[in-house]
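First, one chain by itself: the form predicted alone, in structure tokens.
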């Protein structure tokens, strides 16, 4: 799992690549939450480089979304690969978390 991020004003865009499964899901959550700063109001997770996500990874995304929602912050995901997009659709996560085709659309 690799991360990079870019912050512009109150918007944080996090790029995640690699694989998220049971072996690294807790690291994924820790790294993701470690990037959040108090001034961030809109968090966009760009998954264009994500090759695979398991149910453990989906659970991490749900926990992050719920945590940010409690703080009144916006959380969205964008740029899903075909295989990750299939997992989101099959699991119904595309109905729970805002999913956009690109970072620009998510902004």
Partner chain sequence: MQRTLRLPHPSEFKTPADALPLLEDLLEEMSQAQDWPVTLFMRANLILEELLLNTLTHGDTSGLTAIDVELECSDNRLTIRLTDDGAAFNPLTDAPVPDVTLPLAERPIGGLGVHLVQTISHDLEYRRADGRNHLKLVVLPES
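Numbering follows the first chain given and starts at 1. Owing to the predicted nature of the structure, the values given are computational and were not obtained by experimental measurement.
The same protein has a further form, the form predicted in complex with the partner chain, not shown here; the description that follows concerns it.
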Taking any heavy atom pair closer than or equal to 4.5 Å as contact, tell me whether residue 69 reaches the partner chain in the predicted bound form. yes
Wondering, does residue 99 line up within 4.5 Å of the partner chain in the predicted bound form on heavy atoms? no
Does at least one non-hydrogen atom of residue 58 fall within 4.5 angstroms of the partner chain in the predicted bound form? yes
Heavy atom of residue 37 within 4.5 Å of the partner chain in the predicted bound form: no
Across 62-78, which residues bring a heavy atom to within 4.5 Å of the partner chain in the predicted bound form? 62, 63, 65, 66, 69
